[in-house]
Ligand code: BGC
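A lone chain, given as structure tokens: the form predicted on its own.
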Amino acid sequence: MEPFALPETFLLGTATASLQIEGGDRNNSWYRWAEQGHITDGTHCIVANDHWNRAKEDTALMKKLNHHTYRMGLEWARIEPIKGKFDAEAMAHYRAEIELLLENNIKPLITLHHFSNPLWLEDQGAWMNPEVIDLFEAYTAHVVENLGDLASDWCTINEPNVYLYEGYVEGIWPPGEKNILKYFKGARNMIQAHIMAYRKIHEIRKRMEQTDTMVGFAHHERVFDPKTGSRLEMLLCRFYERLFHEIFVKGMAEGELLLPVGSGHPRGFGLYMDYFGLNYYTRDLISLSLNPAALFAKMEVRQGAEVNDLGWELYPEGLYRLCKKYYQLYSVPIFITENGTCDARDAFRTRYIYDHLFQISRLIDEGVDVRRFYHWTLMDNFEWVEGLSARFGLVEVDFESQKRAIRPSGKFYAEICENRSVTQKMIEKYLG
């Protein structure tokens, strides 16, 4: 291990999702999913971190961790609890939360959709309903008209590929279906919704005479490598690249629908991102499977590889590879909108942070314009179908008492944020 430094303009912080931390809302698709008993460890999202009532305490934690920026989510179900009717109190709550961040010199990046739908939308087909494009644009417009004077940075949709794959291919997230055609239909709608939201955010903030608007999407990228290097495995990797990555990136970045999602540019030609938002965690080794339900591919972890609590390979080189790839393609700033690991004992998270930030320092040294890093996540939370037992936080949470405690990895990250560097002294102190 060696010391490294990041530019003075580089911003570090954490990312969260509203549903995973807020608690208290019964009007969303994940509340219903938990009520139906689909959460692996039997826990629930109804309380989670009680962040809705503890935003001041959690902002103080971010301040203590020396955050420069924070990626936060808004809950559509709170803002528009009934179709076409917006809740002024919910908007006032979010406004106060953003103002609190700004008072503490923490720059917000606002996510409009992070896996969770209002029940009224879920019951009308969610992202399968073509009306959702206009509905999402109207929701976006209302939010930006109310918050656009406070926030310059926006993320329209988080990981549309994961949302659709888990909900309509694996069938383990709401609505729990297995229908590959719906995966493609949902992709078409989410791509177009992003484009319309991108335009709307710029339109409204321009009207506000704001000139620093940055809009993008957060795309989940995995590295797909052939297990043995055979030609067939390479073709399977290419197939998964198309299915899981390319149709979303090409569509949301450039407005082009690729087969089997569609064709052409139904919303017009353009570049519909001001930054490339990259969520990165792991890679998969691909080999042939005869199971059509698995789309003829078997995903494995490299033999002998170090893995996290969920069995994901720790592969920091993947972050370097992906940033290189997308910067060569688009030459727009890159925000690492999520990167972290599940580690309940905090046994390897510190090294994980070091290894991935070291890759970012390499990229910057080589001229790749990486500007932000959002660690996933601030504190242990409701980790979707895994429930409360999957621990990703820099801050440990006792969900019974709601007591928060900064882990050693969190203290290490706080020093990185403070100095924008890892020194030899820090290596000896935290990684020795």
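Residues carry their position along the shown sequence, with the first being 1. Remember, predicted model here, so these are calculated numbers, not experimental data.
Here the subject shifts to the form predicted in complex with this ligand, a form of this protein not shown in this document.
Undergrad: Quick one: is residue 274 in contact with this ligand in the predicted bound form, heavy atoms, 4.5 Å cut-off?
TA: No, residue 274 sits far enough from this ligand in the predicted bound form that none of its heavy atoms falls within 4.5 Å.
Undergrad: In the predicted bound form, does residue 165 have a heavy atom within 4.5 Å of this ligand?
TA: Flag for residue 165 set to no.
Undergrad: Answer with yes or no whether residue 233 is in contact with this ligand in the predicted bound form, where contact means some heavy atom within 4.5 Å.
TA: Output for residue 233 is no: heavy atoms all beyond 4.5 Å of this ligand.
Undergrad: Is there any non-hydrogen atom of residue 76 lying within 4.5 Å of this ligand in the predicted bound form?
TA: No, residue 76 stays farther than 4.5 Å from this ligand in the predicted bound form.
Undergrad: Quick check for you: of 274-282, 347-355, 223-231, 89-97, which stretch puts a non-hydrogen atom within 4.5 Å of this ligand in the predicted bound form?
TA: Partner-contacting stretch among the options: 274-282.
Undergrad: Ok, 359, 158, 116, 192: which has a heavy atom sitting within 4.5 Å of this ligand in the predicted bound form?
TA: Partner contact (heavy atom, 4.5 Å) among the options: 158.
Undergrad: Tell me, out of 373, 30, 376, 70, which residue has a non-hydrogen atom within 4.5 angstroms of this ligand in the predicted bound form.
TA: Checking each option against this ligand in the predicted bound form, the one that comes within 4.5 Å is 376.
Undergrad: Across 373-412, which residues bring a heavy atom to within 4.5 Å of this ligand in the predicted bound form?
TA: Heavy-atom contacts within 4.5 Å come from 376, 383, 384, 392.
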